[in-house]
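In structure tokens, the next block holds one chain alone, the form predicted alone.
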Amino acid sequence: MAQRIVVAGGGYAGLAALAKLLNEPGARLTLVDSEPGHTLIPELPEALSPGKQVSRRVVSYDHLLKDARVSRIADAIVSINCAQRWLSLGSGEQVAFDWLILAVGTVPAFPHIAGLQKFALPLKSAKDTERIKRHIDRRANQTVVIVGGGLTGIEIAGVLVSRHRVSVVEGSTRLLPGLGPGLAAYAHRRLETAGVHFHLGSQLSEVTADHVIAGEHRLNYDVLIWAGGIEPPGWLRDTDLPLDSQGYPVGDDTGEVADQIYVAGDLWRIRGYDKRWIPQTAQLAEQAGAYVGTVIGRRLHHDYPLPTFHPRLRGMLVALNPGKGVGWVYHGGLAVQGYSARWMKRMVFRQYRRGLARAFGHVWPK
């Protein structure tokens, strides 16, 4: 009897897992995702540029999966019954599985500050990006406040500063914690020279319809963008999955959280060799998804021992103002900045797109 393998979520992890399982003859593959396509999340900030289309950052499932042995259910998951092995969907439908890969990703994390969730615009999906784009395209020279000085916040600032008055609020005393101090300082200088105003070490305490209070600063805004953190979907707390104090599923060394139920992508929090949490990035999600797909394939064939997961960040590249970037590449960290960093980031995007197309038997559409 064919094994029913359900992949919950078509992000970087979910598609990488599917790609590893496509040729398993004893597997019946199903993707559950309410979105119409795979969103290229690292490319979303760039879509805020004039003339850029958000739709170009979404790969239609109808195109990607048309020749693959994968059925798709366009619905949202609201619960999991681990003992009886079925998913509950928003429509009320239940989907049975033998194996489950939980790769639904994370959602914006809003601290309990009155008005924040009402007035701030997150950037976590194509719909979020379209919403922000409608606001910023209304007119030039708007005052934009971005809360969050990590990868997403900094890239948004770099895209918007040529057309708007941009301020970045960050609770830490430095930007870009995923980069070394020298590279982060370069990004700070580059964006400050371009016109971005930074308020570091400033905790957000008040949000209204037209201003925020950050530390000792009152900042008026036309558009408020939230790039301040992520968290697991709240519905996971209503399942019988083992969760940590922050609501993330707790898996073993292979990502298994319950019998034949695996976690991958942003939901699988992984520590590196130095015992620190590895940043939740698209490249880590892709590696984790491919690994979990491999593990399930090996288990289907009773092929033991199972491989060990050794995630490796191949680099981290941040786009700044047009044409410039900063980051590092290769394990161990070769610093790059300026035009070369921006060029490398474009090449990474292209390589991922081509690799994805090849995995599902397509030529990447122009």
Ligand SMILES: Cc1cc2nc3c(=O)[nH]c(=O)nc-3n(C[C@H](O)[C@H](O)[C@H](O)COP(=O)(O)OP(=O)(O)OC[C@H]3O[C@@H](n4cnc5c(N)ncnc54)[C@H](O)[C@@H]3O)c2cc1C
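Keep in mind it's a predicted model, so treat the numbers as computed, not measured. All residue numbers are counted from 1 along the displayed sequence.
One more form of this protein, predicted in complex with this ligand, exists but is not displayed; see below.
Exercise for the section: Sort through T294, Q283, Q142, T254 and report the residue having a heavy atom within 4.5 Å of this ligand in the model of the complex. Expected result: Exactly one listed residue reaches within 4.5 Å, namely Q283.
Practice task
Find the only residue in I136, L123, V161, L179 having a heavy atom within 4.5 Å of this ligand in the model of the complex.
Solution key: When this ligand is considered in the model of the complex, the option within 4.5 Å is L123.
Practice task
May I ask you to check whether V32 falls inside a 4.5 Å heavy atom distance of this ligand in the model of the complex?
Solution key: Although this ligand is absent here, V32 would touch it in the model of the complex, with heavy atoms inside 4.5 Å.
Problem - Close approach of I41 to this ligand in the model of the complex, 4.5 Å, heavy atom - result: Although this ligand is absent here, I41 would touch it in the model of the complex, with heavy atoms inside 4.5 Å.
Exercise for the section: Check whether G327 has any heavy atom within 4.5 Å of a heavy atom of this ligand in the model of the complex, and answer yes or no. Expected result: Heavy-atom contact with this ligand at 4.5 Å: absent for G327.
Handout entry: Residue contact check: K345 to this ligand in the model of the complex, 4.5 Å heavy atom
Key = Yes - in the model of the complex, heavy atoms of K345 and this ligand come within 4.5 Å of each other.
Practice task
Using a 4.5 Å heavy atom cut-off, indicate which stretch of 214-222, 238-246, 190-198, 68-76 touches this ligand in the model of the complex.
Solution key: Looking at the partner contacts, the answer comes out as 68-76.
Exercise for the section: For the heavy atom contacts within 4.5 Å of this ligand in the model of the complex, list the residues of 253-269 involved, in sequence order. Expected result: Counting only heavy atoms within 4.5 Å of this ligand in the model of the complex, the contacting residues of 253-269 are A264, G265, D266.
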